[in-house]
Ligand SMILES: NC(=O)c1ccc[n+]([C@@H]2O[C@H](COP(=O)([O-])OP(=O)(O)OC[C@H]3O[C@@H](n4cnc5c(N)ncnc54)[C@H](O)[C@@H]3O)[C@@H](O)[C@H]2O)c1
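Next up: a single chain in structure tokens, the form predicted alone.
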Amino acid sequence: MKRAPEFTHDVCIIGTGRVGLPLGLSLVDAGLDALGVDVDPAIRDAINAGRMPFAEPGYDALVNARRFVVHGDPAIAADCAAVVITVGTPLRNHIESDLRQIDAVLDGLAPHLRAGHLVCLRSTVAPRTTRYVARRLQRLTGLTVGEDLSLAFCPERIAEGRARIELRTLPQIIGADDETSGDAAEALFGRLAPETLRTDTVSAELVKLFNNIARYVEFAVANQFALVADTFGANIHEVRRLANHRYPRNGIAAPGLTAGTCLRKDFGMINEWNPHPDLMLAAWKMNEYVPAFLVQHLEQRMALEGRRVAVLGYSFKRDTDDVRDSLVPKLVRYIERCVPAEVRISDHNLPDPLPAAEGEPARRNHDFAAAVRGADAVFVAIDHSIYPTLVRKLAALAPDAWVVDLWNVGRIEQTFYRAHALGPANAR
């Protein structure tokens, strides 16, 4: 990307969270003059002091170099050739896209935009949102998209924990409704991605949604199979192993808690405009039911009332400190409905006390041994990479406990088993 002479910086990232910060740091690493804007002073202070505000492998040295500076005032965007918007786009309670953060960015950004600017929307959005942004920008600025301003939707498709690698290895979709905008966005993201693929904005929006929804539905099928297998007294892990063994036409995914800020909400961005029941809504219902399934089916084996229960993992997925839209708090609430004597939670990726969602009580984060010692039941809620080793210790720390291990981290290949099965004689 060759910066026009009237701009003093190449790119401004608005929203330096788990999507925007890795992008900004990677652009700096690629040789661009990039800076950030964020409304959260804690995030600004951490980054500007050379610290990552969250875990994302591969970026500690880059942020410590302090070449990527985050500002609080969007006026700095006036000096940047490109502006990339990476703020949150949650789903409201009634299957409705929440565009308040995007609207706030546009309101703050509009006075500083001028002819020649490129605006890239990177947040996951419902179909036609980029066209809404175009109309809103034109009203706020008096500039015409495709003539004065360039506008593109350039979705991120990285997985948390793999941003440094995937920003450099995944193809970048460039969604633009005019050639000028497409050229400008391709010039920017071509500095990172090994390949750029051009399309219109709606198709680009659907690409991101389809990628995530396909995974969500796949995991829902796996979770449905786990429920069916246990209902019939069968072992899902054995059935899955046999079904997948050297069979060429499909592979059944592993079951587990399926959540997170993308997979759990993206189905709604399409269903917002669809009044009919469909496969995506059924997948949502199945994945949301898994915590209840685990508690109910454990109670078919033992009563949790008055018992001591340990829950291993609290984030939304393996090896992350991100608890947004995690299903583990829901699992804990269902356990608590059984009126146990105590519930102890342990997640080595998180601080003590655990991050609390709005309306949630503050919860202790115990170390592993303190959480499981003497427990009557242990739920392996998330498949953190350290758990196959740690869970083996249950045979000594809580040998009589029932273990709920949908992820199969204990390698026992059963969803429900007694902890003494993890002893040396059964090690695999």
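Just so you know, these numbers come straight off a predicted model, no measurement behind them. For every residue, the number given is its place in the sequence shown, counted from 1.
The protein also exists as the form predicted in complex with this ligand; that form is not presented, and the subsequent description refers to it.
**OP:** With this ligand left out here, work out from 81 to 89, 303 to 311, 190 to 198, 278 to 286 which stretch has heavy atoms within 4.5 Å of it in the predicted complex.
**Re:** Going through the listed ranges, the match is 81 to 89.
Original post:
Does Ile14 reach this ligand in the predicted complex, with heavy atoms at most 4.5 Å apart?
Top reply: Yes.
Subject >> Arg131, heavy atom within 4.5 angstroms of this ligand in the predicted complex >> reply: Flag for Arg131 set to no.
Subject >> in the predicted complex, Cys262 touching this ligand (heavy atom, 4.5 Å) >> reply: Because a heavy atom of Cys262 falls inside 4.5 Å of this ligand in the predicted complex, the answer is yes.
Original post:
Contact between Arg136 and this ligand in the predicted complex at 4.5 Å, heavy atoms?
Top reply: Arg136 lies outside the contact set for this ligand.
Subject >> Joint contact, Asp40, Ile43 and Ser123 to this ligand in the predicted complex, by non-hydrogen atom at 4.5 Å >> reply: Heavy-atom distance to this ligand in the predicted complex: all three under 4.5 Å.
Original post:
Of the options Ile270, Val239, Ile252, Ile158, which one has a non-hydrogen atom that comes within 4.5 Å of this ligand in the predicted complex?
Top reply: Contact with this ligand in the predicted complex is made by Ile158 alone.
**OP:** Check each of Val228, Leu140, Ala104, Ala214 and return the one that places a heavy atom within 4.5 angstroms of this ligand in the predicted complex.
**Re:** After the contact test, the surviving option is Ala104.
**OP:** Would you mind checking 323 to 341 for residues with a heavy atom within 4.5 Å of this ligand in the predicted complex?
**Re:** Counting only heavy atoms within 4.5 Å of this ligand in the predicted complex, the single contacting residue of 323 to 341 is Arg324.
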